[in-house]
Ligand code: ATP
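Here's a solo chain for you in structure tokens, the form predicted alone.
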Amino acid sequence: MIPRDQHVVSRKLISPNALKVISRLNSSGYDAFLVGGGVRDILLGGHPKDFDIATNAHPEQVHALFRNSRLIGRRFKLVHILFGREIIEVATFRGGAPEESKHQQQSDQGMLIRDNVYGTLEDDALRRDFTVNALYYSPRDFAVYDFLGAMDDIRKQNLRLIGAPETRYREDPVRMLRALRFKAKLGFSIEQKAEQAIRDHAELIENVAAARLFDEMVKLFVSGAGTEIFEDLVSFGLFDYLFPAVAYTLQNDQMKSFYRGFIIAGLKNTDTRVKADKPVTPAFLYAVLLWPEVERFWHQHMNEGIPEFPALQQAGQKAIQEQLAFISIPKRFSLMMKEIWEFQIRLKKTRGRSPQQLVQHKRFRAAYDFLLLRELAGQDLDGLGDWWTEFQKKHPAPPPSERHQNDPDNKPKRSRRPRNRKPRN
């Protein structure tokens, strides 16, 4: 237990809503602590945006205390407490090893499928992934609780996995991705045995559900360190299992140097936007990551005699379809990706009224940025990027209210006449 005068965690740096949740749990007779990244980042001098809470109250008990809450999770039940757009996540102390409890289930590969086993505060610390995420802060006594030498690891900038690396990665292979994210985000070094275990068991990532991997990959690439993380994914062998077709192209295609440079340019652009607190859409990220396959299929289809635009449409659909077996991409993002790709042909139309109409399209900006990345990576597009840059200077896009009435993306929606409904019995 580290007393208040020996650490820098302060209530002033913690979300008032997180403090409210802890206070209500305490006043209801439960123990509750701020845990994980919120504590870690404050100790590192940062200003965390997300705050998680650990408690000895069971999920149903927490849910009963907060009307603005919802129960989530199948493998391990959690409670999300909603304060407007802010979500405070509350988890019950975990406990017990897989072989010790009937409430835990593992797959044949050792992955935890069900994990609703509760324990003490000390048990919970041992069940977390890395020591730096196993720090607890109590607003009651203003102390930080460190069971595993995490404070020493923070001083040494050491990312140390709790338990045997192979076992912990088998329980949840996503921990390998988290290791690379924390390495890049915090500037820490991964402990040697935990690092080697990633290289030796990268194939375990295939056991993770494709839908879950979509969210995890977005976290990686919007961390502000996406460029370094991409390099690590390739170096550690994880990229081969996450994007196998793209990985093969990056290793064997005659344009592999261009494609690698293009992806890195796109991720550097994203890192810059994240650090400037600008919005980033997963659609743009995935459009960049899958472009090597799209362009390869595109050229292949045109060589087969398919016209340019249909060839690109088919190439985009094929690249996405193949990727879905590994990472599930929601339809709202895949549709946007296709539009960005198809705009690469539309942007060649620089005569007549087409340029003015294209600039007003909702996907123009993303497609224009994508075009600039292609040129930045070394692709010769006959100065198309410069042409569009100059055009926008001379013809800035009008505000949405003044856009061309024939633009299907900007037509006002017709209001429906209210229908007289019969009252319910």
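Note that residue numbering follows the sequence shown and begins at 1. Everything quoted here is computed from the prediction, not taken from an experiment.
Below: the form predicted together with the ligand, not depicted.
Contact annotation for the candidate site: Gly266, Arg365 and Arg374 all lie away from the ligand in the predicted complex (no heavy atom within 4.5 Å). Residue Phe182 is the only one of Phe236, Phe182, Tyr137, Tyr259 with a heavy atom lying within 4.5 Å of the ligand in the predicted complex.
Screening Asp271, Glu295, Asp146, Asp129 for any heavy atom within 4.5 Å of the ligand in the predicted complex leaves a single hit, Asp129.
In plain terms, the part of the chain that comes close to the ligand in the predicted complex, with a heavy atom within 4.5 Å, is 50-58 out of 50-58, 383-391, 24-32, 355-363.
Contact annotation: His80 falls outside 4.5 Å of the ligand in the predicted complex, judged by heavy atom distances. The ligand is not drawn, but in the predicted complex it has a heavy atom within 4.5 Å of Arg212. None of the heavy atoms of Lys318 is located within 4.5 Å of the ligand in the predicted complex. Interface membership of Arg170, defined by any non-hydrogen atom within 4.5 Å of the ligand in the predicted complex, is ruled out. Taking the ligand as positioned in the predicted complex, the residues of 18-54 that bring a heavy atom within 4.5 Å of it are, in sequence order, Gly36, Gly37, Arg40, Asp41, Lys49, Asp50, Asp52.
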